[in-house]
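Let's start with one chain on its own, the form predicted on its own, as structure tokens.
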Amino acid sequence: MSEQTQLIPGNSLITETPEEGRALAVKIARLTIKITQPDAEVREKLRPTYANDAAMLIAVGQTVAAEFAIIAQANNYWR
């Protein structure tokens, strides 16, 4: 894992709004992919494969949803 990559941007899951929380969930999911496959060229080559595979796209959505659930809980569901 790259020591320069911060997996939790700003080292906090606290956000002002659910919209910011959702954006953070997407960013964390993307950082997970970047750490898992650090070669940008390989990621670019793989993009057309998963972009056209419904199961892979659903898996991406599930990953973001799981991250968002954790962020929502950390923010007391913005109450």
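No experiment lies behind these values; they were computed from the predicted model shown. Sequential numbering from 1, following the sequence displayed.
As for the form predicted together with a further copy of the same chain, it is not shown, yet the points below apply to it.
- Taking the partner from the other structure, a further copy of the same chain in the model of the complex has a heavy atom within 4.5 Å of a heavy atom of Ala54.
- Although the partner is absent here, Ala40 sits far enough away that none of its heavy atoms falls within 4.5 Å of a further copy of the same chain in the model of the complex.
- Scanning 41-75 for heavy atoms within 4.5 Å of a further copy of the same chain in the model of the complex gives Val42, Leu46, Thr49, Tyr50, Ala51, Asn52, Asp53, Ala54, Ala55, Met56, Leu57, Ile58, Ala59, Val60, Gly61, Gln62, Thr63, Val64, Ala65, Ala66, Glu67, Phe68, Ala69, Ile70, Ala72, Gln73, Ala74 in sequence order.
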